[in-house]
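Only one chain is shown below, in structure tokens, and it's the form predicted on its own.
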């Protein structure tokens, strides 16, 4: 049943560019899809290990800058009169490096903070995001600072025997984002249903019991942070090559808050939660923009979030799944009772 629903949803999403001709709406779907990937990566930490990363946008931004600089090339000075020189590489190489570098940063942050979890992890992630933002803002020779990195090339996919396909149009980028989102979803699903995923859930629900059965806390949480950061880095790379201009505002705290809202409203700890929450809160501003002033849009945005959490406190997906399961169990109980009564009334 779940597999059939997933296939139908993917097929519906894949058909969108075939009938949606409005470039503005298609652009909104692409950027929303990129942030959905970021929200899925955050959900791996928040939903399955219980660790809140309020600096998660750092990994997204690192992926964006690494991918952009790899494809543009750079010549920056280092202390001692040394020069850091890099010639431009294909954007697909930047995409791969973005994943690797963001994952490495996730390992560094996790190794530092997971030994003293809880609020310390939140503080470390916020501090790390701010440090990275300041580096991007002030190392002007490398990042162009507030002037931004511009003319970032679009991702090009090599086609053996046919050259390469440059993904410049919204049509191409929509399918690129959809494919990466699907891969991220399947990777997280496979991970969550594995032995490693059970270890993550065990640590979230009862850490003392999990340690008593031999689960390595620091190793498990650090590996989760690495995978989460790597997926966020992939999302950042897609963002850089689609928007084609990156400045330090990509590290803005509001972007992390947006991802947290997507996860919480959709339902943390559920695979589909960040997707549902991401689509709602990614496209809601687009729906409100023509009918409301900017100030009223934020009020409506907050009102919708409060209403969802009031009516569906566990998030949209878990709450609806729970209600559906209750109705099914209730219907099954009534059917069983009816059969029992019928059998009891039959003559001997």
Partner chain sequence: MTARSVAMTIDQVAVRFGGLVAISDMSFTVGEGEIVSLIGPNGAGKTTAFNVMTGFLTPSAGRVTYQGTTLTGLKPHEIADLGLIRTFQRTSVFPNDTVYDNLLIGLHRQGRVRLLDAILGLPGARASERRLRQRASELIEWVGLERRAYDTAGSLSYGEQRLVGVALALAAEPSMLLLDEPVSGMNASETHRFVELIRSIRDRGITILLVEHDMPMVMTVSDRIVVLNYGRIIAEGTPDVIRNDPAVIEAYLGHGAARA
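Positions refer to the first chain, counted from 1. Everything numeric here is computed off the predicted structure, so don't read it as measured data.
We do not show the form predicted in complex with its partner chain, though everything after this point is about it.
Exercise. Does the trio 83, 137 and 150 actually contact its partner chain in the model of the complex, every residue with a heavy atom within 4.5 Å?
Worked result: Looking in the model of the complex, the three residues 83, 137 and 150 all stay beyond 4.5 Å of its partner chain (heavy atoms).
Problem set entry | Listed residue (250, 234, 181, 199) with a non-hydrogen atom within 4.5 angstroms of its partner chain in the model of the complex | Filtering the options by heavy-atom distance leaves 199.
Problem set entry | Heavy atom within 4.5 Å of its partner chain in the model of the complex - the one residue of 76, 122, 191, 165 that qualifies | Here the answer is residue option 191.
Exercise. Picking from 265-273, 208-216, 125-133, 92-100, which part of the chain touches its partner chain in the model of the complex when contact means heavy atoms within 4.5 Å?
Worked result: Partner-contacting stretch among the options: 208-216.
Exercise. Does its partner chain come within 4.5 Å of any heavy atom of residue 176 in the model of the complex?
Worked result: No, residue 176 stays farther than 4.5 Å from its partner chain in the model of the complex.
Exercise. Would residue 243 show up as a contact with its partner chain in the model of the complex if we use heavy atoms at 4.5 Å?
Worked result: Although its partner chain is absent here, residue 243 would stay clear of it in the model of the complex, with no heavy atoms inside 4.5 Å.
Exercise. Any chance residue 111 has a heavy atom within 4.5 Å of its partner chain in the model of the complex?
Worked result: Residue-level check for residue 111: no, no contact with its partner chain.
Problem set entry | Close approach of residue 223 to its partner chain in the model of the complex, 4.5 Å, heavy atom | Output for residue 223 is yes: heavy atoms within 4.5 Å of its partner chain.
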